[in-house]
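The chain that follows stands alone, in the form predicted on its own, written as structure tokens.
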């Protein structure tokens, strides 16, 4: 595992494993089949990406969406990892080029759609290639009991037969125990090890509210997170279109995303969002697995999802970087019936039960985190990250009396009516249909007339969510459960009822940013964030692929001023240190010079140190002896990318002005001529002036020496 630690540090800039990662990676290295369930943001992808770099051969990764494949490959490329994807959007010559790279052994991870793995021609191609293992991402799609069943995944069952020497590993962020068992069975896994991480996401703060003026409610969440990225989910396409228009009319940069849009329109919306060109994306559930953006700071649901699996995955799009994020769910009395009509009789087994569990989550008064993790078969002892446990929700003082009146009204009217009718009876409505049935003469008529009718409707929903009432039949007729009958007799436990108009008024905002902002120089963070945006735009990649928010906060907290200190920032691997180190260090140095009195976090964790310091000294001495890059690689056993990074640090530290020991005189002359025209401020300007034909590493060496001459 020490080799894997080195790989994590070298390519991703991490010096430790997250929970369950080491065990999951060991399965891959030892060739044992596995099922790995880690929540979104738990480092699931690393469980197969890191072992792929440590093993001979090529790993094949099955992914359901083209956009997700592309994001993964682009992110790996930024880390210096050779990966590729084959999909229907590629031209024939692009596919041929990837095939050549695969045959030459240059590719370590190949991403493909499940449909491609049932094509005999592609299977023949893979049979000619040394395969280290197969990784099935979003593996819950293979189970009819899962929330996102896809028939094309069933074709993956033949992998164990076609490639008996390669292990198969199933990865998902969302799976109940039943789905986990079904995944393993459908894939034909051989005595798989099962590793299930905790579903607790303490960085996510869950709130559930009844829906009112949904535009105003959504704007309140967005404005709390001004300038940050968020996702807003709607049930219906028309709601997506309307809310997107309303948000833009209120000055929010919002884009729509739903299945009724063309492929190009959806792709443009998604790309604009991941590149921070749009602040908010308003979407149906069609927007889910395709998003790999780690810095989503809030997720809003304007209606109830159809299952806790969907909610866990959709809300889990927030805070994938481990930093704080808000998940706010607004639900209405009609959501249950709407989903019930959509589901019909064609959904997967258990859909009706899943809908009921979701409804109970919305209307219940239990800890939100506990409700989620217990649904997935795990315990939870304590929580401080939801509206219930944070004390934002206060129950009405006379809950038992109110519940008794509601249950009594349902019984007295014969348990033959829906929630709206019962609420009208309790409110004392003088409607013809109530008079015709004689219900205006019942003792319950007008029993709750002192309360707002919307509050009565809400209490009916809450009692249903807590198991005292159930809906029956096509028209959702209310009937008492055994618990409801016991409560009506005076034998049951008293319920908790929330007054709908109280929760928003008593809502407490967490401290700005929480602990993730402790010791961070906010002005420097903003500067680095803008720098990240500029660099990403130049390279045509999403900003988070340069550095995530967690790395930027760490930089703004520690304020590294040397290449070695910068390399020890979390999330800074060898490739990114070499690619972006110069420009970020200049920005940090300039900021510190301009703000010498800015507070520095003295309690921050010390900069990570490792045996790298000894290797650094050894490498510097070899450079002082004018050894070539190839010679230093051989002498130290380090990769060229790492040696180039050390060389750049050496050039800066020793103020070297002559690049000739490492770059040929002809190339030095080319680069210096280009720099005279394009300047030395940005390596990319020099790179483009040379028509992209000279490697960045060579440009960096020469430009650093040029800067040292004028230092």
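This structure is a prediction, so every number in the text was calculated from the model and none was measured. Numbering follows the first chain given and starts at 1.
Another form, the form predicted together with a small molecule, is not on view; read the next lines as being about it.
Here the chain stands by itself, but in the model of the complex one stretch of 645 to 653, 39 to 47, 671 to 679, 61 to 69, 39 to 47, has heavy atoms within 4.5 Å of the small molecule.
Contact with the small molecule in the model of the complex, defined as a heavy atom within 4.5 Å, holds for exactly one of 294, 581, 305, 543, namely 294. Between the small molecule and the residues 570, 496, 267, 370, the one pair within 4.5 Å by heavy atoms in the model of the complex involves 570. For the chain shown alone, residue 696 is not a contact residue for the small molecule in the model of the complex, no non-hydrogen atom being within 4.5 angstroms. Contact annotation: residue 320 falls within 4.5 Å of the small molecule in the model of the complex, judged by heavy atom distances.
Using a 4.5 angstroms threshold between heavy atoms, residue 687 stays clear of the small molecule in the model of the complex.
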